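What follows is one chain in structure tokens, specifically the form predicted on its own.
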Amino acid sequence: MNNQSVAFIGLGVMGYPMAGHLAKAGYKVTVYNRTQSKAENWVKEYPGQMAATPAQAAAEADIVFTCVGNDEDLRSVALGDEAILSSLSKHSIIVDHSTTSATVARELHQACQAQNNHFIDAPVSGGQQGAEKGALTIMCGADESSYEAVLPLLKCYAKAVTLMGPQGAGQLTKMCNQIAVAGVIQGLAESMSFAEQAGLDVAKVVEVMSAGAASSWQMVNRYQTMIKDDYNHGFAVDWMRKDLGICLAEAKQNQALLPVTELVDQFYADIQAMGGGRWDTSSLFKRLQAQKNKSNKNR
């Protein structure tokens, strides 16, 4: 068994298997989740223990991992009387896997520095499937010594881990990722819609494209469920809108131009209005189909 004690805060669809990989690797894991039943289920499935508060989980941890929803969720588990920093030992490290603003990453870095702790923003890409398979991509904002200290643990559930720069750089890189993904999914949805309108075999079209320059992870992994009109899986539209909101807010500050991202964000708002907030992000295809059907009825 590894000697390091770790805490994992947040057992959602990503955090639950990530914490499991650490436990299976032999680390002594203590988990906390706001909905206690998830923590209870986790300790039935993996070796480890559960805590009643983030502070209790972090009290004896060398490294604390967090994987929560947004900026305020992260602040709530990190700052305050029952939160991580109230009990964390000096020189311990917080590794945040949430997707948040770069602002809150820098804020928590400063809070950690003030009491001789370390902070790493380490958002992930790869979705629930990547978390379960231990094949995530992790982009880190950290000082080099902290990064090297946590790298063996990150490799328990990642296929690629990269230090992108100082604190905040990990979140900025995740923004780049989400900007690119949004455009790729819209392009795929339009391509499939065009093929459908042209009377082509959509599956065959995508299979041909997948062997060439147009190929992407979204194309390979999502076209079949898109054709089947199956969107009850994967990365939810609600989550993507949260992420794109972070991207657009950061772009206002650094004056980056994101015209396509702004459009796709509004397309996702349309899907939310259709009742699809929990659908997979590939539901941009369903939106186009709905628009096409509405246009045909109005003719």
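These figures come from a predicted structure and were not determined experimentally. Quick note: we count residues from 1 along the sequence shown, nothing fancier.
From this point on, the text means the form predicted in complex with a small molecule, which you will not see here.
Residues within 4.5 angstroms of the small molecule in the model of the complex, judged by any non-hydrogen atom, belong to 231 to 239 and to none of the other stretches in 22 to 30, 41 to 49, 231 to 239, 261 to 269.
The partner is absent here; in the model of the complex, the one residue of 134, 166, 183, 127 having a heavy atom within 4.5 Å of the small molecule is 127.
Contact annotation for residue 196: none of its heavy atoms lies within 4.5 Å of the small molecule in the model of the complex.
At the 4.5 Å threshold, heavy atoms of residue 277 stay clear of the small molecule in the model of the complex, well away from it. Residue 61 falls outside the set of residues with a heavy atom inside 4.5 Å of the small molecule in the model of the complex.
Interface residue remark: residue 142 is not counted as part of the site for the small molecule in the model of the complex, having no heavy atom within 4.5 Å. Across the proposed site, 68, 77 and 99 without exception bring a heavy atom within 4.5 Å of the small molecule in the model of the complex.
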